[in-house]
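Below you'll find only one chain, the form predicted on its own, shown as structure tokens.
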């Protein structure tokens, strides 16, 4: 196992009291697999993702362990976490336009990432790495993209660029937090095909967070079903769709089948 989450609970500070966001989560992630995390809005999917990078609000209450390469992530100091984020555990967010700084060019942001996370200093090496990464996520005219600003590019191009940023650092695990939810169906299909290819070519281990059961069915090896911060079920995808055990999972799949029909 490359990652083990043990008895993880998270509570957020509300107006009058703390509110449960995650309750006693236990799950392991196998090297080379794509683990799908599915659930409706407010189920705790993004909280789980941010927990893996220890990016939760300072006033939140956290219990449990997240073991990655023998280290407990919640117990790491900030300097250790900075080395971990991106380089060891990468993340692609839901809104690519919000991920990137609107007043800095793509090339400037990419170069800073490579300097900080990979220690590259040679200008030509940085440029070659950027061009290779962007072409590797099926982008063309990469020099133009490097010189462009985020507002000059489409949502699909920006999401591919964010994927390029992430894989350029060769993380052991890549978290994709609803990476296609802001894209139209055609571009979504292209991004999913790209993720499949990156998995084959780079051997990526991925945590794919979504509310779209169709994507889980076609992309993931196993699926974890979250509801109100609790794990309702975790099974291989084929098993989950054919023989769901939990009543919530059954209702979720029933609604999905109605939409398919």
Ligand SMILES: Nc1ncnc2c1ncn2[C@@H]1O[C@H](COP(=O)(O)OP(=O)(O)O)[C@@H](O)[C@H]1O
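The structure displayed is predicted, hence computed values, not measured ones. Residue numbers count along the first chain shown, from 1.
Here the subject shifts to the form predicted together with the ligand, a form of this protein not shown in this document.
- Contact check for residue 41: a non-hydrogen atom falls within 4.5 Å of the ligand in the predicted complex.
- Not displayed here, the ligand is kept clear of residue 212 by more than 4.5 Å at the level of heavy atoms in the predicted complex.
- Although the partner is absent here, residue 70 lies well away from the ligand in the predicted complex, with no heavy atom inside 4.5 Å.
- A residue is said to contact a partner when one of its heavy atoms sits within 4.5 Å of a partner heavy atom; residue 47 meets this definition for the ligand in the predicted complex.
- Listed stretches are 33-41, 230-238, 217-225, 189-197; the contact stretch with the ligand in the predicted complex is 33-41, by a heavy atom cutoff of 4.5 Å.
- In this stretch, 52-74, the one residue having a heavy atom within 4.5 Å of the ligand in the predicted complex is 57; the partner itself is omitted from this view.
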